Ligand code: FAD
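Just one chain is shown here, as structure tokens, and it is the form predicted alone.
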């Protein structure tokens, strides 16, 4: 039985691990965080979850539609019955209007990582373990954690990290740097949760705005804290990347009061910085990056242009590439 290490417990890693397990591989997943989820994580509060990362997901490919249907039937996902709107700000003049569409949008229940956790439920997951170095000896991989612990005897390694982190790990492991410029693929985002008692003008507000990308209200999300979550766009987030949470709370309060016309009391909840959030649409998606001779495979949502669905598809394709590679090896023996 082949032994596979998956580094990164986001949706790509979970989809790859689940697919490989179904095919009889022995899989262990590693993540530097305290739990699985990546950008599909929700923050637990006494009042309910806060979706600080992905706000919803859509399903367009047949593979992902089938998986979403399984999640729906298992109660791990549901349809987000949201009212959509568009916030425009040109030359300092704001306008907010309804912008309805027929797109089905889904959320995890009771949190965004619930579907991902369902994929990983029978798979060994080692958390709070930042892999610092990879070592290859006699066609077997050893993973060295920053705490000094080592995990040995893996036949193949899958990296499902953001490109900058994957490149850093490759460099620390004295492996080839496989990205032309890892820093350009993913862009940052500051996400800010704010409490206000006002009735929202829309649950999903898309933004054409010098500062904002998206505003979500969680009133119709099962298991959530009913509040506003603002995602600032990549340009504004990058410009003020190192500003403290107080700066972001102040920015969010001004937008809610002056542009969404909320007169009720507005209270800050959480500000979270995502260093690697949205896809840079000016940079071509690189696809999967593979070194089959060394049994090293790299991919993520960034492989195919961002979005939750592409994270899942990248995981499927990584697993399929490994399975195909081993079949070729068996045929040539």
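It should be emphasised that the depicted structure is a prediction, and the values quoted were computed from it without experimental measurement. Residue numbers count along the first chain shown, from 1.
One more form of this protein exists, namely the form predicted in complex with ligand FAD; it is left out here, but the text below deals with it.
A.B. asks: If the criterion is a non-hydrogen atom within 4.5 angstroms, does every one of 68, 110 and 220 touch ligand FAD in the predicted complex?
C.D. replies: Answer is no for this spot.
A.B. asks: Answer with one of 27, 40, 298, 50: the residue that has a non-hydrogen atom within 4.5 Å of ligand FAD in the predicted complex.
C.D. replies: Comparing distances to ligand FAD in the predicted complex, the residue within 4.5 Å is 40.
A.B. asks: Which residue, 119, 252, 156, 189, is the contact with ligand FAD in the predicted complex, using a 4.5 Å heavy atom cutoff?
C.D. replies: Contact residue from the list: 189.
A.B. asks: Examine residue 162 and determine whether its closest non-hydrogen atom to ligand FAD in the predicted complex is within 4.5 angstroms.
C.D. replies: Looking in the predicted complex, residue contacts with ligand FAD include residue 162, since a heavy atom lies within 4.5 Å.
A.B. asks: Check residue 306 for me: does it contact ligand FAD in the predicted complex (non-hydrogen atoms, 4.5 angstroms)?
C.D. replies: Close contact exists here: in the predicted complex, residue 306 approaches ligand FAD to within 4.5 Å, heavy atoms only.
A.B. asks: When the contact criterion is heavy atoms within 4.5 Å, does residue 269 count as touching ligand FAD in the predicted complex?
C.D. replies: Residue 269: no, not in contact with ligand FAD in the predicted complex.
A.B. asks: Report yes if any heavy atom of residue 55 sits within 4.5 Å of a heavy atom of ligand FAD in the predicted complex; otherwise report no.
C.D. replies: Heavy-atom contact with ligand FAD at 4.5 Å: present for residue 55.
A.B. asks: Spot the stretch among 288 to 296, 55 to 63, 261 to 269, 42 to 50 with residues whose non-hydrogen atoms come within 4.5 Å of ligand FAD in the predicted complex.
C.D. replies: Result for this chain: 55 to 63.
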